[in-house]
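Below you'll find only one chain, the form predicted on its own, shown as structure tokens.
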Amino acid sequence: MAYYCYMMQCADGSFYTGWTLDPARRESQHNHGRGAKYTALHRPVHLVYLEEQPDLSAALRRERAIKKLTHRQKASLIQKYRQGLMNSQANEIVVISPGRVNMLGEHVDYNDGLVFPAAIDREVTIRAHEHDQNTCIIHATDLNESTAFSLDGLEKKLDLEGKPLPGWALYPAGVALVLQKHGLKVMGIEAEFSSNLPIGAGLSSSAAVEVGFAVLWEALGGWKLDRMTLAQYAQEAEVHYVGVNCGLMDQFACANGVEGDALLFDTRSLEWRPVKLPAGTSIVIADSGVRHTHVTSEYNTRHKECEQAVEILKKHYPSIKALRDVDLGQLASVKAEMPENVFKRARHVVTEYNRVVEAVKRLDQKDGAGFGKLMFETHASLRDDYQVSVPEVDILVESASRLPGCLGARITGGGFGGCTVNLVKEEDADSFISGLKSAYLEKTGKSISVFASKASAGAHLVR
């Protein structure tokens, strides 16, 4: 367990000295008036000095020693600390890990199907350096939260104080545990990460965090994984540690993105290839503002319903391994044996697989309008059969269909909120964005974020 002496600089220029187990949390407490009477009267404060100590006794002794220093001596100590930080930045590692948007092939990745995602130019940025001790100190800057946990005993999902890890910290902690289980060296780190991906919007912010931290530990540990294996380890962390029974698509796309291309990915054979989207088109993403949480949503339920459909089908067609292997005739023949919701889930998966196959043919024929039509069909299937859309998202898709230049639109991601992806003629992209914002505002009274995006490279080191 790490103990820290710290100094906060107050609004009037004075310094406050204390000790803590969690510097970022302590700074927040001071700024909310819960740290000390002195800082409550001299807010705001910000952390200007940090010194790690081996135990509580040492931290208390050092705290008393710093408090005895004059203001000038404290300022000198802070200056030396800042210089040390500048020097340590030379060893800083920076990782960019993109989000993803799925053009077609939704909820078929855990049914051995074909998917068609693209990494996008919105990403998670991780800045980190190696930490001497066997601990990880991680700051989620967008959330203004921090945590610290030991690399020993990660199965317990506890921080250094024995408290449950916050939800967002399960992603890097889970990756660390999976890497360890596969015999890979995982270093202690101090890291911060931020993102311009809207969280919970269906753009795979969680997969971007997982893949990004895997790339970080790869760089620090001196080992090397091919990007498919790295994606599989990240998926393993989400399924077995976080508890989301997801397929491989999100982590695959974040790890293997190709600038300018979408990715046709066979989730059974793991074969994939980049595919050009229709020339002269833009990917436009609209964030409905409705947030979901996969773990507490019906995501896992949908997975179980698909498995239930396969078990019923196997009684009549033993060779079937997944819904990917089923045709509509076979599905219709067992409809009477299936609960209605299970039949609908299976029908979506079977038709969605067929749509991806057809989509590739359309792109080979340079038929952008035909590809866009399949996007609209996918949305209707996700809304009616898979039942993962929400009214706000349906409004976005319906509004998009009426705007000039829109070839296709659909919900993207796990569903239950989040974003739509729109394929729009490049020349109409600006007017489409303003038109969609206006239409949504008129129908819901709410303002939303709509932005053009492009396919980008997968997770990589910046330095």
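Just so it is clear, the model here is predicted, and its values are computed rather than measured. Don't overthink the numbering: it's just position in the shown sequence, from 1.
Here the subject shifts to the form predicted in complex with ligand GLA, a form of this protein not shown in this document.
J.: Test of understanding: in the predicted complex, would residue 148 fall inside 4.5 Å of ligand GLA by heavy atoms?
T.: No - in the predicted complex, heavy atoms of residue 148 and ligand GLA never come within 4.5 Å of each other.
J.: Does residue 355 reach ligand GLA in the predicted complex, with heavy atoms at most 4.5 Å apart?
T.: Residue 355: no contact with ligand GLA in the predicted complex.
J.: Please determine whether residue 247 contacts ligand GLA in the predicted complex, using a 4.5 Å cut-off between heavy atoms.
T.: Taking the distances in the predicted complex, the answer for residue 247 is yes, it comes within 4.5 Å of ligand GLA.
J.: Answer yes if any heavy atom of residue 110 is within 4.5 Å of a heavy atom of ligand GLA in the predicted complex; otherwise answer no.
T.: Contact check for residue 110: yes, within 4.5 Å of ligand GLA in the predicted complex.
J.: Just to confirm the contact call: exactly one of 190 to 198, 356 to 364, 221 to 229, 239 to 247 touches ligand GLA in the predicted complex at a 4.5 Å heavy atom cutoff, so which is it?
T.: Of the options given, it is 239 to 247.
J.: Note which of 299, 168, 272, 376 lies within 4.5 Å of ligand GLA in the predicted complex, where distance is taken over heavy atoms; exactly one does.
T.: Filtering the options by heavy-atom distance leaves 299.
J.: For a quick check, can you give me the residues of 390 to 421 that have a heavy atom within 4.5 Å of ligand GLA in the predicted complex?
T.: Sequence-ordered list: 413, 414.
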